[in-house]
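Here we start with a single chain on its own, the form predicted on its own, put down as structure tokens.
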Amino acid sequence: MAEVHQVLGGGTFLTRSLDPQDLFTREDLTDEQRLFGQTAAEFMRNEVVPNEASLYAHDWSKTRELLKKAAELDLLRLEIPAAYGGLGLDKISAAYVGEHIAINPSFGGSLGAHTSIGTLPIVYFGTDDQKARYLPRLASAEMIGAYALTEPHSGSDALSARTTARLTADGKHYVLNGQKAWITNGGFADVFTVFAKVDGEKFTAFIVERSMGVQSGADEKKLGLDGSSTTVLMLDNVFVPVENVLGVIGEGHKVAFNILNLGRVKLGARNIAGAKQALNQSVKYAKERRQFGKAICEFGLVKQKLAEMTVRCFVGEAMVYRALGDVDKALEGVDEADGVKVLKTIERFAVECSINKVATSEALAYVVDEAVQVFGGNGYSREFPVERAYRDARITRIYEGTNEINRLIIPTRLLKNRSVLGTDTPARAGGDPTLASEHHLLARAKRLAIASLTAASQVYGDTVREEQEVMAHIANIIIDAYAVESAIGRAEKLGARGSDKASIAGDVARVYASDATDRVAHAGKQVANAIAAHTTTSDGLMAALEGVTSHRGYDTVSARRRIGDAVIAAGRYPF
């Protein structure tokens, strides 16, 4: 992995400027990391894709068989410590494998649920005995894992769960009663991380085996990901040994929320992989489909679509691998066996994880929607691939914490780190002179984000978290600031290396930044108008807003034509 000199976590990117050499990009992947990705890609092409019909027919024995084959290729043990049959690899490697597994989102969901939320609770919260009992079997697919947090009446509000755990008179078991919902791998998993309230009050995690009495409901009839198993779980007097308490009684929230945050670190790579696949299918179709005597890719509005789809993919990749690189750098020197310290380190990046979850899921939504449009009427047909991609993508804005919840997490976490309030961010000196205007916009967007946070904190005080609309607008400013900076950094890094893709990368960064100006200005106006109703002293916020609105635009029409031409010439995503 390329050396990263400076790690900016916890939203501190708002107060500091990024040197492109501190930015990990997809181009920085090592040969070893690429080899894992190649192994995953070949497995998907040779084993999974030929068996897609079985997956969509809900032949879960085939899913288990494929998971077993994935285990034989070491694809299930990437993040399990070596002491328990794993490889103990970095987050970048795990995310890059996930990117290739996303070739089939349904199987990608099954494998991802097993290796992430199905396994990592035991990796990070298990005792030595629990790790020894379960991790080697999860690594080999002898056991398939799942995660049971959501209930019919508790989704985002996980702590309102009704499932209970009662200690038996002899003190040897907890008896669990309740119901869980939307459990990925629910129809065939062997071991579950189940959350229940001890004595109806103390929210706690348990390792529960199916053989202890867990019953699965029928598979849900879903909009998408219909080749993965999603069921309810019924827990009717399920006896769980006391030694299967996971973590500390009453601290199940630490397991639940840390594991979800871990998932967000890597989820973005899968989202952008789905977007790139939809883009590639669209380019191929647009080059083959002829109307009015020529290929539809030659029409300006189709070319514009392909260009904007490319912009979203490039920027999303830049954001995702930036965060992954920062997390891995921060984890250097941390003992992988010290789960508490690992999780505390990753938790520093909760803001960046939520930013990427929101941004990449919404980029995917945009790209698959435009893919259907490029295909026209055929895009609406199940005979063509983008119809399924459109359906599969919809869940990504809901799971791993809804985008609404994640939009609230971003400013809330930043307000806890009050050092960002009232600060300033100068434009970075030097760099690619062709991107100087974008650097100035970036500095202004960061100032607006900080001014918005500061004004909201001053005006609303302790009730600021209840002002969800204002908080979401502030989150949108922060998301775009992170995205613009990531895109600029990746483009500059390609330029410094003399890459033949540097010119088109520069166009992408400028197009994204130009469009972000309007989005940031809109969000800033909503914040300013809301705050103006409560105070007459918001000069700092108004000055910051004026800095953004005064930014000069860029000829995005011509730039998108160049990007579109590059995509069409390459016949696929060009980066």
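One rule holds for the numbers: they count along the sequence shown, beginning at 1. Keep in mind that what you see is a predicted model, and the values were worked out from it rather than measured.
Just so you know, the form predicted together with a small molecule exists too; it's not on screen, but the next bit is about it.
In terms of contact with the small molecule in the predicted bound form, the residue from L149, L453, L279, L78 that brings a heavy atom within 4.5 Å is L149.
The listed set A443, A365, I395, V372 contains one residue whose heavy atoms approach the small molecule in the predicted bound form to within 4.5 Å, identified as I395. Taking the partner from elsewhere, A95 is found to have every heavy atom lying beyond 4.5 Å of the small molecule in the predicted bound form.
In the predicted bound form, at least one heavy atom of Y399 sits within 4.5 Å of the small molecule.
The shortest heavy atom separation between D236 and the small molecule in the predicted bound form exceeds 4.5 Å. The small molecule is not drawn, but in the predicted bound form it has a heavy atom within 4.5 Å of A181. Using a 4.5 angstroms heavy atom cutoff to the small molecule in the predicted bound form, all of I117, K222 and I405 count as contacting. Contact with the small molecule, judged by heavy atoms within 4.5 Å in the predicted bound form, is confined among 141 to 149, 125 to 133, 312 to 320, 86 to 94 to 141 to 149.
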